[in-house]
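The chain that follows stands alone, in the form predicted alone, written as structure tokens.
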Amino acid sequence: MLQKLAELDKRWIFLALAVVVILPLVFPLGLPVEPGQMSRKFYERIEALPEGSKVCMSFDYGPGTEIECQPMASAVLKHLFRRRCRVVCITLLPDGSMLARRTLEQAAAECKAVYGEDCVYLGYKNGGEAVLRNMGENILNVFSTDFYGKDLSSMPIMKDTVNWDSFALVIDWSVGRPGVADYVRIVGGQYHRPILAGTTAVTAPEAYPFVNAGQVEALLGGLRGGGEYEVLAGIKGGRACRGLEAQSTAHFFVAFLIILANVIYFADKRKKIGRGSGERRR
């Protein structure tokens, strides 16, 4: 039996791994996810916002990092809408333009948020740090229309929205530059707005010094951060939780293969030693 497993075509192993990864994505297993302290702090900060608060959310990630950043952005958006907060969305990366639109449209449709009253998407503006500085003077001088070309001055959500002082909270989903560092330097340092952030797992260590310094109040990191927030927000079968389950089942499967390979190796080695001893006796 072990010999047959050792000679098994590797393509069957790859197929089994694919099944192990795909099944939790299609049929969630409901594996427990325990939210950490940082995710709880992020959630409680949103919960503390008064009804009607304005929040600026920046989608500074692209298709390559969508799998980690989009689930947390979607979960937080839905939470904000349930809290009856009003959300103004922007992006400083051209790659994030369509991702931001899709995420906002899906969350708004699910939560029945009214575009122009509860949320608005201003779109992409080139300039990075310069855009943030100019928004500190007058937002309508930077964005005169929304992503769809509609006049912003006629929208209820933009009434009394002048600059960064108009926002109770700023949230940045970032994977590099422009990103968290720019918001800390301009929005936090110059305009003293509270900042929350979310990053990929690999870039989270670069953002944690801002958290330790108190310049970012809370940080969500990678798929794990998104999954923990989905649990806190009561989102069942969310994309991040399903992704975590796929990761977990894949890790268990790989660990099983490693153990099985060692069992086969030592069994074969013992068999060879036994044969050698028998030959020497003869």
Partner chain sequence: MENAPAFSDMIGMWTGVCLSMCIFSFLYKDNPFYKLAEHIFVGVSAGYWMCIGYWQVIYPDLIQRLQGGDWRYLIAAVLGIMLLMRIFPKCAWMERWPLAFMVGIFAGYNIVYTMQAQILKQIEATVLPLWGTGSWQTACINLIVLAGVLTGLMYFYFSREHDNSLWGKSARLGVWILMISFGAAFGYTVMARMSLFIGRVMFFQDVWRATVQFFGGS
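Numbering follows the first chain given and starts at 1. No experiment lies behind these values; they were computed from the predicted model shown. Rigid core here is just the name for the largest C-alpha set that superposes within 1.5 Å across the two forms.
Omitted here: the form predicted in complex with the partner chain. The next part is about that form.
Partner contact region in the predicted bound form: 96-104, out of 75-83, 96-104, 110-118, 156-164, criterion any non-hydrogen atom within 4.5 Å of the partner chain. In summary, among the residues A246, V55, V33, I235, the only one with a non-hydrogen atom within 4.5 Å of the partner chain in the predicted bound form is A246. Residue contact with the partner chain in the predicted bound form: L132 places no heavy atom within 4.5 Å of it. In the predicted bound form, the partner chain sits beyond 4.5 Å of every heavy atom of D60. Using a 4.5 Å cutoff between non-hydrogen atoms, F14 counts as a contact of the partner chain in the predicted bound form. In the predicted bound form, G64 approaches the partner chain with a heavy atom inside 4.5 Å. Contacts to the partner chain in the predicted bound form (heavy atom within 4.5 Å) from stretch 180-204: A181, V184, R185, G189, Q190, A201, V202, A204.
Core-superposed comparison between the shown form and the other one: the C-alpha position of V254 differs by no less than 2 Å. Superposition on the rigid core between the shown form and the other one places the CA atom of G62 less than 2 Å from its counterpart.
Whereas the displayed form keeps them at a certain spacing, the CA atoms of E105 and L23 lie at least 3 angstroms farther apart in the predicted bound form. The pair A250 and A204 is at least 3 angstroms closer at the CA level in the predicted bound form than in the present model.
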